[in-house]
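Below: one protein chain in two forms, given as C-alpha cells, structure 1 then structure 2.
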Structure 1
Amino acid sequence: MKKHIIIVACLAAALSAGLVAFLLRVNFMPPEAAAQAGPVDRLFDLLLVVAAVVFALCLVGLVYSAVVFRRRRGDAADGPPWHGHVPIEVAWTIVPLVIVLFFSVYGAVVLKDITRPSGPIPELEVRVTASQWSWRFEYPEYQVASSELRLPVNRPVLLRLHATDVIHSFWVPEFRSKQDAVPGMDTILRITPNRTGEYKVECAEMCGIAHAYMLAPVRVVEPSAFEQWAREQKR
C-alpha cells in the first residue's frame, strides 16, 4: 500500500505542478485598471492553485485506482470488506475545513482592504442611478450629471449606488469590484482607477429583457482632462 501511495503522490504532484504553471501563465482576467484589482487577482490566483492541487489529487487517485485495482479477467470473487479507516476519515474532514476557514479569513481581509477609505486624498463622490436599462452619473462636487462615467486617474472614488426599479449591479471588469444597486437604499463602492483608458460599466444582475444592453462608457483620464470635462459639462 505504501508503494501505491508514493506513486499516487508523485503523479499528483507532477500533474499539480503542470496545472499550476498553466493556470498562472494564462491571463483569465482583463488588464487591471484599479488599485483594488491587485488583491482580488491574488486571491483568485491562490484559489486556482489550491483547486488545481485538489483536482490533481482526486483525478490521479481515481484513475490510478480504476487502472491498478480493476477486476482481472476471470476474477468473480468479492473484494475484501472495508469497515472504515479513521485516519482517512479525519483527514478528509479536517483538510477541507482548514482550506475553507483559511479562504474565509483571507477573503474577509481582502474585502476589508478594498472597501476601506484610501489615504489622505479626498474622494470624488459619484451618485450612480441604475434604471431599466441605463445608467446615470451625478457629480455633486461639480454639480453636473452625465450618461458616461468619467473619472480622474489615481484619485479615490466613492460611488453611491441606488436603483429606481429592480436590483441592478454595477461592474467594470477591469476594476474587479462589483456592487448591487438596490431600490429603496443606497449602497457604496470604492475604487481608485490607476490606468487611463476606456472601459464599460456592465450590469451584472439579471434585470429584465434588455439586461445584456445595460452598458455605459467609462473613461479614466488625467486629472486636468477631467477638470476640463467637468467645466464643459457644467456649461
Structure 2
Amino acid sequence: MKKHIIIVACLAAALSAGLVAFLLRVNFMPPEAAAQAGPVDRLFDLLLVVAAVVFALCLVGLVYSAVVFRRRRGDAADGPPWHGHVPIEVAWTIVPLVIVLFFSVYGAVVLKDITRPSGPIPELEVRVTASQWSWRFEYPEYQVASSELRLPVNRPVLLRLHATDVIHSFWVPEFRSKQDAVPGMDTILRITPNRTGEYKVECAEMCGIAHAYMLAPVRVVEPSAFEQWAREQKR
C-alpha cells in the first residue's frame, strides 16, 4: 500500500512537472498589447499550473489503478471491503474548497484591477457602434468618426459600446477582455494599449450570416501620430 502511494506520488509529480513546463513554455495566447493583459495572463498561468497538478494527480491515480490493480487471470476474489474513510473524505473536500476560494478572491482582485479607471492621464473616450456586420468608432474629443480603431499608445481608453440591431461583442485578442455590445444599453470596456502595432477587432458574439467577417482594423500608434491622424480625419 505504502509502496503504491509512493509510486503514484512520484509519477504524478513527474507528470505535473512535465505538464507545467509545457504549459508555461509554450506561448498560447497572442502577444500582450494592453496594460490589462499582464494581470490576466499571470492569473491564467497560475490556474493552468494548479489545473495541471490536479489533472496529473487524478490521471495517474486512475491509470495506475487500472493497470496495476487489474484482475489477473484466474483470480475471482473481491477487493477489500472499504466503505470510506472520513478524514480522507473531509480532506478532499476542504483542499479543493480552499483552492477555488483562493482563485475567486484572486480573480476578484484582478477584475477590479482591469476595470477601474487607471492613472492620472485622462481617458480617451471612444464610442463604438456595432451593427450587422460592421464597426464604427467615434471620438467625441476630436469629433471624428472612423471605421478603423486608431489608438494612441499608453493612454487609457474608455470604450463605450452599443449595438443597433443584435448583440455583438468587441474583442481584440491582444487586449484580452471581451465586452458585448447590447442593443438598448451602453456597456463599457477599459483598455490601455501599451504596444504599437496592428491588431483586429473581432466580433465574438454570434450575430448572423457574416459574423465570421465582422472585423475592423486596430492601429495603436504614437500619440503624435494619433493627433495627426485625428486632424486629418476631421478634414
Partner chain sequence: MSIVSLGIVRGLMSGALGAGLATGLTMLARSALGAPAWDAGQVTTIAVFVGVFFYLGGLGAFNYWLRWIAGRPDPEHASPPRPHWARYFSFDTNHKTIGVQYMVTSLLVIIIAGILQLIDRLETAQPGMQFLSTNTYNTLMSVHGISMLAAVLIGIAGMMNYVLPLMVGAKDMAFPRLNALSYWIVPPAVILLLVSLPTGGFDTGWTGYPPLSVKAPLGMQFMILAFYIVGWSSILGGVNFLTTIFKMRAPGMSLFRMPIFVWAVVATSVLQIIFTQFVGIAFLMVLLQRLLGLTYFDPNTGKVLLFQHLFWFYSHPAVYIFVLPGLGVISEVLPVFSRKPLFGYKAVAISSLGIAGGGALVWGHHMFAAGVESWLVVPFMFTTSLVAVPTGVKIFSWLATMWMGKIWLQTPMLFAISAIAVFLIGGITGVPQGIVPVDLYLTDTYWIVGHFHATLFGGFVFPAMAAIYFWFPKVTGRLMGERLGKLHWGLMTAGFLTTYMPMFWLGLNGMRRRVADYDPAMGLGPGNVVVTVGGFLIALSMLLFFINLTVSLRRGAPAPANPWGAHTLEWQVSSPPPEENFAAPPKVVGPPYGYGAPTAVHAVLSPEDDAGRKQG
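Every value quoted in this text rests on a predicted model; they were computed, and no experiment measured them. Structure 1 provides the reference sequence; residues are numbered from 1 along it. Here, rigid core means the biggest group of C-alpha atoms that superpose within 1.5 Å across both forms.
Only structure 2 of the pair represents the form predicted in complex with its partner chain. With the core superposed, Gly119 shows a C-alpha displacement below 2 Å between structures 1 and 2. Superposition of the core reveals a Cα shift of 2 Å or more for Glu89 between structures 1 and 2. Core-superposed comparison between structures 1 and 2: the C-alpha position of Gly74 differs by less than 2 Å.
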